[in-house]
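Each of the two blocks below gives one form of the same protein chain as structure tokens; they are labelled structure 1 and structure 2.
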Structure 1
Amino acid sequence: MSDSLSQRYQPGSSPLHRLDPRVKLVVTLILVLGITLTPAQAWPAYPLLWALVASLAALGGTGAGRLARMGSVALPFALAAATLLFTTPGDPAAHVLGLTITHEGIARFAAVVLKSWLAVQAALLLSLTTHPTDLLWALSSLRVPGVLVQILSFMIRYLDTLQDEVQRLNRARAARSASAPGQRAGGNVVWRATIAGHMAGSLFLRSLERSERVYAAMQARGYRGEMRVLAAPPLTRRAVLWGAIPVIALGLIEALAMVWWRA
């Protein structure tokens, strides 16, 4: 597998890298679930949750600051929640463009953005410390249908090849799209979009032909519709115990958050 796909995965030998991928996947899902469950106004919970994520990051050999920066990828989506600022009733805090921003609105908006940012960091940690192949293996041992896991594994394997193909197509288009300085080139938007469509069609045909070659080659090696893998190593009690630590910490934070909020 070439480097460009595994760009998220950072090879390493930290404790988090060595942890059983099944445990990592399940713990990540529980973390995301727990972060989402946090009551909106339980403010003390958020720094605690971040401390939990940051200490996991440290265990995974990733700086908490770096993870926090990477975690901002989902922030543009916050625009979708921005309506909360105006539509939540409560004490007016500011007036912008004739709309009233309420304190309650700011609180709800901040909670959504914080939860999103924390959950993205948890998910990031999983892909930073787990090789895609191990992740697929974890999926299949968690009873995700084998056919789906195989489709995913073929997809991951050919992602780079097809992305290279796209780069070739883009380069070819750029090479034929010279323009005189200061002049618009390349026709109107409709024409440009249609060209992009032709490129997608061309990519489809190349992908299809490649999949036929892949199938023929796989068959030559005795492929019968299922991947042969080595027997899965058993889930050790040690791995489960390590996985239980962040889950217990999360449970404590959530319990405190609910008490604080409900009180």
Structure 2
Amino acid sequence: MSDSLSQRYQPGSSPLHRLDPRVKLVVTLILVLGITLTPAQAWPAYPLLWALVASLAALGGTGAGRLARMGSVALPFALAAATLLFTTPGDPAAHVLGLTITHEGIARFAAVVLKSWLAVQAALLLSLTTHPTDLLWALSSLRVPGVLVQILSFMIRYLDTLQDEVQRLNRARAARSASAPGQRAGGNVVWRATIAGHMAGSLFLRSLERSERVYAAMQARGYRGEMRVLAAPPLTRRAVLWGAIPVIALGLIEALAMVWWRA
């Protein structure tokens, strides 16, 4: 099991930690879907959605502020929606480099940023309170295709091995890029981009060779295309009821957003 992913998981005995992983996984997917479907300009809904996620974080022993800061990792990726500022028709708000920014574009872009931030917090809360192995058997129990679950399992297991390969490649690059004291090592941006491309290619080839060796070793041990796992425990009514609480709260917020707060 990858140490980096296991370290992200925070062991605990909170109600959220003890909740069935299948329930947590389904509730998280519903939360992400509900956040995504929230009308763009239903602004009162966003604080309520954050309050819902923060309440679950408090239930799991994770500070809401810390979770909010961790969720900011989604913000750079949300910048990909910046084109909405210029492409959404509406009332002009400003002109930048000959392009017109509209009020409607600002609203849609802000909604995308908020939704991304909230959805990532919901996913992070799942990873903080659920061990990776529990997530894998939860996926299997929910009838996710076995091939996909096995790919995720191998990715988690060998992620640290890939990180070690990257560190060895970085050390090799540093050894070949020595410089005199006071001078910057390496070349210009083009040189660095070329070296990074070569490193990515080498990493791909090494990963491919290692995966073939692992597959051959598994076949030698009797692997026939599917992983043998223990039978999942029965799903209790208590776990389902606990999982229904945030779903009902989300439904109420979405109903308010659709009926009263939709612009």
Partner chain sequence: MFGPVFLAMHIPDGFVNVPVGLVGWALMIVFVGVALRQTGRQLGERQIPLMGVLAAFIFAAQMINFPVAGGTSGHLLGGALAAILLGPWAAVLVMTSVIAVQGLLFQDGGLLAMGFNTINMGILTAFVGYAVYSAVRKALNGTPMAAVIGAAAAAWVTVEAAAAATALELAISGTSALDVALPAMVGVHAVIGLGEALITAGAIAFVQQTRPDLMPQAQASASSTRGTGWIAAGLVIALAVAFASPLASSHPDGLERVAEDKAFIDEAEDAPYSLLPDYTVPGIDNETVTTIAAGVIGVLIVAAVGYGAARVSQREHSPQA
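Worth saying up front: this structure is predicted, and the values here are computed from it rather than measured. Whichever C-alpha set is largest while still superposing within 1.5 Å between the two forms counts as the rigid core. When a residue number appears, read it as a position in the sequence of structure 1, where counting begins at 1.
- Between the two displayed forms of this chain, it is structure 1 that matches the form predicted in complex with the partner chain.
- Comparing the forms between the two structures, the C-alpha position of residue 58 differs by less than 2 angstroms, with the core used for superposition.
- Fitting the two forms on the rigid core leaves the C-alpha of residue 115 displaced by under 2 angstroms between the two structures.
- Core-superposed comparison between the two structures: CA of residue 44 displaced by less than 2 Å.
- We note a C-alpha movement of 2.9 Å at residue 158 between the two structures, with the rigid core held in register.
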